[in-house]
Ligand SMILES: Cc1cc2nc3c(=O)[nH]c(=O)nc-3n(C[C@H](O)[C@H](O)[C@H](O)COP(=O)(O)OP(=O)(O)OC[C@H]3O[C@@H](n4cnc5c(N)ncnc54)[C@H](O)[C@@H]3O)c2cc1C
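Single chain ahead, by itself, as structure tokens, in the form predicted alone.
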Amino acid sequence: MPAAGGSANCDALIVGGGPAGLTGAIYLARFRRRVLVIDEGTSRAASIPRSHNVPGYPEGVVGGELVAAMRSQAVRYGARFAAGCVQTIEADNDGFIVRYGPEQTRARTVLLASGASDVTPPMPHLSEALRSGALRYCPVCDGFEVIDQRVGVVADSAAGIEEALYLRHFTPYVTIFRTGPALAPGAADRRRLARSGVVLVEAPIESIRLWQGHVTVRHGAGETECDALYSALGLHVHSELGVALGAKVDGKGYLVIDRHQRTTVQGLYAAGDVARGLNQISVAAGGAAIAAAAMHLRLGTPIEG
């Protein structure tokens, strides 16, 4: 889609086709805006085996099915989609020039819903482990599913201690495994873990293997079997496009937004995992709805094109 002169090809361009981007597309299309979603096809939500905390799905919903249904809904109201990875976004007069692959387009506003990606633990068969529930990333999402199970936490920083203590609410059988010497709890943290009954394995992880739905972690001369293993190795927040435009980020790399989901760059909005630390589908959708409403008001009277 080549850019035509100085006029915008769309009112709103959305980067990312996960729950945040698709919610924004649905809202903006129903606001009768010209919407283009550029989707690389790597939404974290699409990889969820089954989510049980999305409102309206009492039996849970497969992540890929939810994403497909939301995309179909956006298309129904006129949103357009292009496959690709956005390389650059540049401010240009009353909008932005967006380049993706060999294409470029102009947009009056942009919603960054580029998300984040999990830092994976050092283990084989990651996809199989995730699909079976042996490997998990989000205790907020699925702590309920590991009630009274043997749970391990792979950690390389103090964040792993907090995650282990959080999981202790769901099960009394929690063990922290260290990837290396970077995680060295002080006396206060060791007392907190001991009071909560969380086991800290001192020897670093040597290997992790998946077998018959369980995970075995080898450490030093011993090994521990877990029903589920949580990775507390963090996230890579995909905020680079915003940063390149001059948008501010916080200490964890999330784009700084106001209550209307506006970044510090005029006309640039953000929603979902790129802008919030609580990485939840419902939070992403809610943020995108707020962003879309604000974008609609900013756009004012539609420009015929």
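Keep in mind that what you see is a predicted model, and the values were worked out from it rather than measured. Throughout, we count residues from 1 along the sequence that is shown.
Not on display, but discussed next: the form predicted in complex with the named molecule.
Engineer: Kindly confirm or deny that 164, 196 and 200 each have some heavy atom within 4.5 angstroms of the named molecule in the model of the complex.
Structural biologist: Looking in the model of the complex, the three residues 164, 196 and 200 all stay beyond 4.5 Å of the named molecule (heavy atoms).
Engineer: Taking the shortest heavy atom distance, is residue 115 within 4.5 Å of the named molecule in the model of the complex?
Structural biologist: Although the named molecule is absent here, residue 115 would touch it in the model of the complex, with heavy atoms inside 4.5 Å.
Engineer: Just checking whether residue 263 would be counted as a contact of the named molecule in the model of the complex - the rule being heavy atoms within 4.5 angstroms.
Structural biologist: Heavy-atom contact with the named molecule at 4.5 Å: absent for residue 263.
Engineer: Residue-level contact is defined here as any heavy atom of the residue lying within 4.5 Å of the named molecule in the model of the complex; does residue 86 satisfy this criterion?
Structural biologist: Taking the distances in the model of the complex, the answer for residue 86 is yes, it comes within 4.5 Å of the named molecule.
Engineer: Mark residue 137 yes when one of its heavy atoms lies within 4.5 Å of a heavy atom of the named molecule in the model of the complex, and no otherwise.
Structural biologist: Contact with the named molecule, yes.
Engineer: Counting only non-hydrogen atoms, which stretch in 255 to 263, 242 to 250, 37 to 45, 24 to 32 is within 4.5 Å of the named molecule in the model of the complex?
Structural biologist: In short, 37 to 45.
Engineer: Go through 253 to 277 residue by residue and record those having a heavy atom within 4.5 Å of the named molecule in the model of the complex; state none if no residue qualifies.
Structural biologist: Residues within 4.5 Å: 271, 272, 273.
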